[in-house]
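Let's start with one chain on its own, the form predicted on its own, as structure tokens.
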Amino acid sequence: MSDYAIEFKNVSKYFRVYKGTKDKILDLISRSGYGERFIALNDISFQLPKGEVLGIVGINGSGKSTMSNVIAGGLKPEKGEVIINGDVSLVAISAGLNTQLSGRDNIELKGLMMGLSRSEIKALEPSIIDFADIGRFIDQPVKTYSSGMKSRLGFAISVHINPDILVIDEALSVGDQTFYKKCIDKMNEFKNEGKTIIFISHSTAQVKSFCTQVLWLEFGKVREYGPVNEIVEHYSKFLNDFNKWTAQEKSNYRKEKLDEQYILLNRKKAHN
């Protein structure tokens, strides 16, 4: 039995990018591929021991949400191996929610997907509804919900089905302070029970106060991975310097990094 909750071994994830229908067709019939590939995760390797709380940080576009979806099984990598030891539940705004169904129906759907029986789901339902605290909207279609309501329901479902690994992707960035406090208290319960938590947040203060390890992603690559105090200090210094740059300097930096993430296939054919 592995001591690790999550292992990434040289994992890469890319997305196909086409200029038009012609490129898409050529890509389907070409053995070596055609068009462009956007490398969202580039040769990522790390091991996370069970019971750790991992903060994932990085400026927008660094691949944090792609990584959270790979961990949760919503996306499959093109290269490398992802080993997950335990059940995973992802909490992100509207993630895993069917917007055509009501909140109550989504509780049943998510519970069934996680292997719970209908009787088990019925037993959990009152606690989930109470935690989400969205009133009569629980019987309305999720498509009518605000971002905060989707986040509240998603979090409530995820923590009550008791996964081994909880992945929280910016879901606490919406909603009021009262709900945020309730979420943190529940996450601390998980932490004290020795559960593994992945916490993605733009707030270095939240990451520093809650996490034990930090993975710093920079445009699809691991820049640093290690103890929370050390990595947050380095990342905060980077942010401080970054925020002093002019708008043009920030734009140039992003463009340079993003250009490195694109791979043009069949360059000679594409040029012709």
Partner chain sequence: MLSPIKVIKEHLENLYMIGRLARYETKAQYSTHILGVLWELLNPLFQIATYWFVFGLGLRGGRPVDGQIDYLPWLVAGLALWFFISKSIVQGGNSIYARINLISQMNFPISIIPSFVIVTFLTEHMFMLVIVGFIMVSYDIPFTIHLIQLPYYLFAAFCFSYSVALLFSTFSSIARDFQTLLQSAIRMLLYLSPILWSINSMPEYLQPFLKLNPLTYLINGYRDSLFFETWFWELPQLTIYFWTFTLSIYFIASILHVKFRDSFADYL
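Owing to the predicted nature of the structure, the values given are computational and were not obtained by experimental measurement. Positions refer to the first chain, counted from 1. Throughout, rigid core stands for the largest set of C-alpha atoms superposing within 1.5 Å between the two forms.
One more form of this protein exists, namely the form predicted together with the partner chain; it is left out here, but the text below deals with it.
Trainee: Just one of 194-202, 107-115, 180-188, 147-155 has residues with a heavy atom within 4.5 Å of the partner chain in the model of the complex, so point it out.
Mentor: This holds for exactly one stretch, 107-115.
Trainee: Decide if the three candidate residues L28, E78 and N98 all line the partner chain in the model of the complex, where lining means a heavy atom within 4.5 Å.
Mentor: Verified in the model of the complex; spot residues all in contact, yes.
Trainee: Evaluate N42 for contact with the partner chain in the model of the complex, applying a 4.5 angstroms cut-off between non-hydrogen atoms, and reply yes or no.
Mentor: N42 lies outside the contact set for the partner chain.
Trainee: Is there a non-hydrogen atom of K250 within 4.5 angstroms of a non-hydrogen atom of the partner chain in the model of the complex?
Mentor: Contact with the partner chain, no.
Trainee: Is A92 close to the partner chain in the model of the complex, meaning a heavy atom pair under 4.5 Å apart or at it?
Mentor: Because a heavy atom of A92 falls inside 4.5 Å of the partner chain in the model of the complex, the answer is yes.
Trainee: With the partner left out here, check for me: in the model of the complex, does some heavy atom of S62 sit within 4.5 Å of the partner chain?
Mentor: Answer no; every heavy atom of S62 is more than 4.5 Å from the partner chain in the model of the complex.
Trainee: Given that the partner chain is left out here, which of I134, V82, A72, L124 has a heavy atom within 4.5 Å of it in the model of the complex?
Mentor: After the contact test, the surviving option is A72.
Trainee: Does the C-alpha of G194 move 2 Å or more between the shown form and the other one once the rigid core is lined up?
Mentor: After core superposition, the displacement of the G194 C-alpha between the shown form and the other one stays below 2 Å, so no.
Trainee: Taking the rigid core as the frame, does M114 move its C-alpha by 2 Å or more between the shown form and the other one?
Mentor: Yes, the C-alpha position differs by at least 2 Å between the shown form and the other one.
Trainee: Does the C-alpha of S102 move 2 Å or more between the shown form and the other one once the rigid core is lined up?
Mentor: Where the cores coincide, S102 still shows a C-alpha shift between the shown form and the other one that is 2 Å or more.
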